[in-house]
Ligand SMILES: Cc1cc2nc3c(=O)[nH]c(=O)nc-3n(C[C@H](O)[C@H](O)[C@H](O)COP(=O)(O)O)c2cc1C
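The chain that follows stands alone, in the form predicted alone, written as structure tokens.
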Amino acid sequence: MPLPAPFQSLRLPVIAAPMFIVSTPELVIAQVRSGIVGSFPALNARPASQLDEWLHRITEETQGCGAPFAVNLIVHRTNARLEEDLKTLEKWKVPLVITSLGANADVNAAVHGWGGLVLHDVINDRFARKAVEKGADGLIAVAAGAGGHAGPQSPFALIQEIRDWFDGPLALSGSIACGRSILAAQAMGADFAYIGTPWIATPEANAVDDYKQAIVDGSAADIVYSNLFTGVHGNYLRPSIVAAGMDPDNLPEGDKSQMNFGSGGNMDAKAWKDIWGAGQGIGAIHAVEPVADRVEALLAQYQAAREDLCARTGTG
């Protein structure tokens, strides 16, 4: 099935994941200008009125680029801003909307009303089917090892189950931090790699220097999977948990009924601010470097991986 128009001029089959606090206009604009989909969570714009300013700036500064931008909406009932933010997205005719934490048919219909597309992130096949039934145009399979709110399933299992019945746009998230992994995602059946953590280690990211350096210094062994901080399981950097005075190997269970993504979760240290999210792919990140340079490196790795695979398989 041909990909929708917004995706046909990407330099790399990559969607940059929206990261709470970290993704702001500077990062999104750099991503789009580099030829990949840039995105940010609507809740990063605070107060809500700032969302209009951000969309004005991003729209203006990415005009003429081949890649689109996307805005992430938390559609869970705890998001008191959903209706207001949706109206702002409609004003700017945002081309791509990424929905999270509960598929919402009314939100999907609203986005379709202004000509936009909806991608919904899911952690299993059951949620994927629900999302498509409610009108999502595409899916983001969030597999084990992804930064932020990650699922427990292997990417092989998750992609194969979804592709068994769904032929629409599909992105894969989970430990993708090099060009070879982007190609692997496509080989498994995904159209795009959904990448978050590598963008934290860039000058454009809205993250403190210690956070960026922890990404550079860390490896997969430094990632802790816990539901304490927001009530939903996610992957976090061990050093930030230790710095907050907790034992990363003995964390209590979180309370899903107390999810509060607007204020950071159900503990005193605000999740995503004092507790740093990251995926298991951080071992591939060796320096803090500009978005444009990181995209160029990923592109070179991706092309080299394609050539290597052709050589291995004897295909042209």
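One rule holds for the numbers: they count along the sequence shown, beginning at 1. Keep in mind that what you see is a predicted model, and the values were worked out from it rather than measured.
The protein also exists as the form predicted together with the ligand; that form is not presented, and the subsequent description refers to it.
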query = Based on heavy atom distances of at most 4.5 Å to the ligand in the model of the complex, which listed stretch, 25-33, 276-284, 246-254, 57-65, is the contact stretch?
reply = 276-284
key: the ligand contact in the model of the complex: F20, any heavy atom under 4.5 Å   = yes
message = Please tell me whether any heavy atom belonging to A185 falls inside 4.5 Å of a heavy atom of the ligand, as the geometry stands in the model of the complex.
response = no
ask   = Are any of the heavy atoms in T230 no more than 4.5 Å from a heavy atom of the ligand in the model of the complex?
value = no
task = Indicate whether F192 is a 4.5 Å heavy atom neighbour of the ligand in the model of the complex.
result = no
task = May I ask you to choose, among G145, G179, P155, G138, the residue with a heavy atom within 4.5 Å of the ligand in the model of the complex?
result = G145
query = If you check A171, I241, I74, A103 against the ligand in the model of the complex, which one has a heavy atom within 4.5 Å?
reply = I74
key: Within 191-216, the residues that have a heavy atom no more than 4.5 Å from the ligand in the model of the complex   = Y194, I195, G196, T197, P198, I200, Y211
